[in-house]
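What follows is a single chain, given as structure tokens, in the form predicted on its own.
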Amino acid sequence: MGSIDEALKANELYAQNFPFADSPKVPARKLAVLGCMDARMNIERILGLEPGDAHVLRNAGAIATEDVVRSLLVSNYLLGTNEVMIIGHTDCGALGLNDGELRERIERERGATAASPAQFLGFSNLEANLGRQLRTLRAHPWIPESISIRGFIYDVATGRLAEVKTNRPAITTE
């Protein structure tokens, strides 16, 4: 049995006693979380979240991509979230990822080129990357200044979060 079949079997057991049918679609904690897709990060458990508490978005490297911004805008404007956490982590697979090398490898293995994805968005410094993602969100003209946007690094060896402090950039009207 493959992993998908195992997951479907687990879903059957889960659905037999499904307790969340009446959960509201508005996140109870008014929180949105952007985290890395790393399988070692169970964001709900890390943050003590229950279903219905928060919107959780994940991608490789916890990058504030166009799609993440789109989802956060929907989360805020339509569903009332007013805080955003970005969680990167130690020992991240995107740390040290070289876009060109990965693209060449995939093209070689697949024998084909592709226009998408245009970038894999690897980075060489975890804290600097997290700072870039925070600045990207804080500087977006549609994300209200009143939204708290904070960044953290999760230590995969200890389970602890450490906050990375950065300042919100000044809004200019030039």
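The first residue of the sequence shown is number 1, and the count goes up from there. Treat the numbers as computed from the prediction; the structure is a model and nothing was measured.
We do not show the form predicted in complex with a further copy of the same chain, though everything after this point is about it.
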4.5 Å heavy atom contact, I63 and a further copy of the same chain in the predicted complex:
yes
According to a 4.5 angstroms non-hydrogen atom cut-off, is A128 in contact with a further copy of the same chain in the predicted complex?
no
Is there a non-hydrogen atom of G93 within 4.5 angstroms of a non-hydrogen atom of a further copy of the same chain in the predicted complex?
yes
May I ask you to check whether L134 falls inside a 4.5 Å heavy atom distance of a further copy of the same chain in the predicted complex?
no
If you look in the predicted complex, which residues in 63-80 sit within 4.5 Å of a further copy of the same chain (heavy atoms)?
I63, T65, E66, D67, V68, V69, R70, S71, L73, V74, S75, Y77, L78
